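Let's start with one chain on its own, the form predicted alone, as structure tokens.
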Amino acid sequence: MNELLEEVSLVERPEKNKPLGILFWVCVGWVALNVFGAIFANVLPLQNPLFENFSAVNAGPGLHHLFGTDDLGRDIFSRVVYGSRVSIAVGVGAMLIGFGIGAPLGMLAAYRRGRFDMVLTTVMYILLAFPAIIATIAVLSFWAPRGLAKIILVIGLASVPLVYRVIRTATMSIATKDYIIAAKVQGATDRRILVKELLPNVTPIGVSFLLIGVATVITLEGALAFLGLSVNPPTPSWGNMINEARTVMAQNPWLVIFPSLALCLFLLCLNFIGDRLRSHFDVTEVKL
């Protein structure tokens, strides 16, 4: 019986991996550089991002201030590096919460089906019907005092329904494959099928969506900063730096150019990496 099942079983594997390309690795390097700067900003030879030097207000880029200074004399380069901490922490932290809750529920619902799937999917679609950004703004507006942990938690919980839908859809397309049915016939436990068979095939889709989700959440943090709902000044983030620059951008365009450039490049790289990984790990059924 085992030999017969092995002959007819199907496995998921790439028919032909698409090359990642040099641009992919350039993007990976840029993302890694930003993450490195965010983690080790305290030990890097950077100026204090909160130090106000009133003798160098609105100075242009130069040797002592690579990106210039803002209207309070604070070093823009240092604030961009330190600001990546908040933006990246919000993006990664929120999506880890979303995946930590939504991904297991999505896999279980797609695999179990029946009433469990129907009830859970109905609840998630009801939550999806209400705009997540509106819910996030409403909660953060009334949940004072705000802090980084609260922002991460609120956005993370708001992302659960979307993560659930993506992972559930991906799992459903795999759960009916012949090799899953063969594993059930052989007496494999549900836990083994979920961990050994479904999870490895759902992971590439999940990783791709995770990266794109991080980029989306970072954009959301920037939007919240414009509404005064992100971290409180003078703590820098890319979003609130751009927001603070609105009043002085005519006198000092560098104050908005460099944070915007850092934000855009990071988001572009994340989206490109996620899209290229999705294409690279695109799988098809292949007979053994």
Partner chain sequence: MLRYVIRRLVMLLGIVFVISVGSFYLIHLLPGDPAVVILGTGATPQNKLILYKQLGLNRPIYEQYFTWIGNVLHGNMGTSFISQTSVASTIRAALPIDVELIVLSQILAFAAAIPLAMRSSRRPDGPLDRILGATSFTLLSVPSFIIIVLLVLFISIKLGIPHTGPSSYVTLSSDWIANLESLALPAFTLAIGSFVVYYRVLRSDLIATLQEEFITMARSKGISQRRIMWRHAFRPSSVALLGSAGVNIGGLLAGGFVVQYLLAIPGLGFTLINAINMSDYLLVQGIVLVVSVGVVLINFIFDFIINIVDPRISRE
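Positions refer to the first chain, counted from 1. Every value quoted in this text rests on a predicted model; they were computed, and no experiment measured them.
Not on display, but discussed next: the form predicted in complex with the partner chain.
For the candidate spot formed by 104, 116 and 170, no residue has a non-hydrogen atom within 4.5 angstroms of the partner chain in the model of the complex. Shown alone, this chain has one stretch from 153-161, 129-137, 93-101, 69-77 that lies within 4.5 Å of the partner chain in the model of the complex by heavy atoms: 129-137. Interface membership of residue 249, defined by any non-hydrogen atom within 4.5 Å of the partner chain in the model of the complex, is confirmed. Heavy atoms of residue 231 never reach within 4.5 Å of the partner chain in the model of the complex, leaving it off the interface.
Though the partner is left out of this view, residue 235 does not reach within 4.5 Å of the partner chain in the model of the complex, counting heavy atoms only.
Using a 4.5 angstroms limit between non-hydrogen atoms, residue 53 is distant from the partner chain in the model of the complex.
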